[in-house]
Structure formats: structure tokens, C-alpha cells
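One chain comes next, on its own, written out as C-alpha cells in the form predicted alone.
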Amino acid sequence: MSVKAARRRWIEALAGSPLPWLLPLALVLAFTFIYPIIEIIRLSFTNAGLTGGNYSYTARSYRLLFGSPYFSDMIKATVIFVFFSVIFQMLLGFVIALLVDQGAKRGMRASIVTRTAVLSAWAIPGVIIGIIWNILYQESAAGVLNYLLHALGFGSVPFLSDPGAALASVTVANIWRGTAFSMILLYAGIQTLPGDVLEAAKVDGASAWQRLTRVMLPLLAPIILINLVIVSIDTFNTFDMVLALTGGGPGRSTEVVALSIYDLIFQQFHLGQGAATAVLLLAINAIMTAIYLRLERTEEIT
């Protein structure tokens, strides 16, 4: 076969392949995702600064990160923030999804209003949510929540000035923000449940609680798993709302991992150490994604 004929056959085969159509997308993904990941890993092994200048390759950024006296506080704040945010987002999202579903089946117009109100929290940008909750948490007479507490005969609560209260306040704001996503996902899952199975359980004499725990939850397990992973990853990467609400304070009591990256790079100009913290966050996300894929594969096999 001549070279010309072989080239023609190769072109014809390529024309019938999806590769030419996928190649531009692959290049865009490589430029916007893969290259930044490689670059941030490379910078994490340097002592580079944001202001420029010469730098050398070293593991000092990781030694400074793990040896920092604030590292344990950052991890503790992040774990508390993520744990309670995820638990209550999923719990409240499931409860609201059930209520909306039951309301829709009974033809209640309030279910549409509830769905719209919950979705509005999801549509608002994180910075705006931080500002809104900052206004609510104000400890002066203008603070909405403290004004209501005074009206009910209670004293003022240091929502943003006490370290423990500030972390709880940020977590509550994030729960309000993230409940909408859980509600949407779980509500969609409830709509896909086979009605004949639920009706058969009801006919067999199963109570509402038994139908919920022994029928609905097992059927919703894949959706709940997906919701758990997505919400956890999203909460670990929460940055804008915390920055607008507390800026990491008081002190560093609300400085989660994502906010620490911003502080190290753009406030202290430690590009290498900030990149090392970003790699830590990347590793957490990668581990959670790997666990999800493993569980998903196990679910398909069974």
C-alpha cells in the first residue's frame, strides 16, 4: 500500500472517529484544570513569594505548614465546620424535600413557595450571603438577632466576637446556604421512587416511620451518597462566605483551609506555603472523590 493511500485511509478513519471533536475540549480541560494542578504542586515545593524574585526548590513550605502552631487550629476549625454543615444540610434538606413532596401531592400551594424560598439561598452568591448574615449577627443595637433576643428578654450573644460562637455562627450560615442543594437533589430522588413499592408497604401495614427507614432510605441510598460527597467537597472549599462574614476571625477561630490559602498567598505573600496548603486541600478532595468512586463501584456490583 502506498503512503498516499495509507494517509487517505488514516484521514477517513479519523473523520469517523469522535477524537477530532473531543480534542478541543481535552485541550481546554488540560489548560484550565490539569496545568493549574501541576503548577500549584510545583510551587508547593518552592519558597516562592507572590511579589516575585528568585526562588529555590525546597520542602520548607510543607515543614512550615505542618509545623505551624496554627495548623492544628485550622484543621480543627475546618473539621467542625464541615462535619456539622454536612450533617445538618443533608438532614434539613431531606426534611424539606419530604415536606415539599407531601405538600405537592396534597395540592398545597405553600409547597411551591417553600421550594422557591429554599432555592433563593442557593442562587445568592456566597459573598452576599456573608454580608447578609454579618448584618444579622451584629452585636450592636442594630443587630437583627440580638434585637429579637432583647425583645424576648434575653441578653446579647457575641455571635462574631467570641471564637466558639463565631465558628458556630459561620456554620449556621453555611447550613442555611447549602440546605437548598441537598433539598433539590433529594427531592429529585424522591420523585423517582416507585410508587407501587411504597403503596405495597402501606398496604402491608408498615407505619410511616417504617416506610421511611426501611423502604425510602434504602432506595435513596445512591442519591444520599452522591449528595454526601458533593456537599462535603463543596463545604471543604467554602471560601467567599467565610471571608465576607468573619474574614477568619476573631483571631483565627474561623480560618478554614480554603481561607488559609487566601491569607497565606494574598495577605502574607507566601506563595510556596500557600501552594502547599492548596495541595493539602487538593489531597482531601481527591481522597473523598476516590472513596465515592469506590463506593459507587461497589454499589453497581451488588
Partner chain sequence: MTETKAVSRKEFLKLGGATLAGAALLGGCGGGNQSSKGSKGPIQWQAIPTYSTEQNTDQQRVNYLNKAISNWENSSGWSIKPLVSSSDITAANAKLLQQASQGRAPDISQVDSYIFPRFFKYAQPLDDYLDGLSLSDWFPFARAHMVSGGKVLGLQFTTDVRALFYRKDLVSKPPKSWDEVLKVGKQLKGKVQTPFLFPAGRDEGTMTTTLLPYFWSQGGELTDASGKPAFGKGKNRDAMLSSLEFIQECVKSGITPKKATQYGIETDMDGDIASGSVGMFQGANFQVPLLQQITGNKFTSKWEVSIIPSKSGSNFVTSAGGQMWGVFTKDKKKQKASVDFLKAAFVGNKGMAGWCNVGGYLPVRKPVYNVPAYKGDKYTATFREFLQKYARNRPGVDSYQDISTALQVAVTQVVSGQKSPAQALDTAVKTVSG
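Only a predicted model underlies this, so the values are computations on that prediction, with no experimental measurement involved. Numbering follows the first chain given and starts at 1.
Just so you know, the form predicted in complex with its partner chain exists too; it's not on screen, but the next bit is about it.
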item: Its partner chain in the predicted bound form: contacted by all of 130, 233 and 236, heavy atom 4.5 Å; value: no
item: Candidate stretches 194-202, 210-218, 67-75, 175-183, one within 4.5 Å of its partner chain in the predicted bound form by heavy atom; value: 67-75
item: Among the candidates 37, 59, 29, 50, the residue which, in the predicted bound form, approaches its partner chain to within 4.5 Å (heavy atoms); value: 50
item: Answer option from 104, 160, 118, 224, heavy atom within 4.5 Å of its partner chain in the predicted bound form; value: 160
item: Interface membership of residue 262, its partner chain in the predicted bound form, 4.5 Å heavy atom rule; value: yes
item: Any non-hydrogen atom of residue 55 within 4.5 angstroms of its partner chain in the predicted bound form; value: no
item: Exercise: residue 252 in contact with its partner chain in the predicted bound form, heavy atom 4.5 Å; value: yes
item: Residues in 260-275 close to its partner chain in the predicted bound form, defined by a heavy atom within 4.5 Å, in order; value: 262, 263, 266, 267, 268, 269, 270
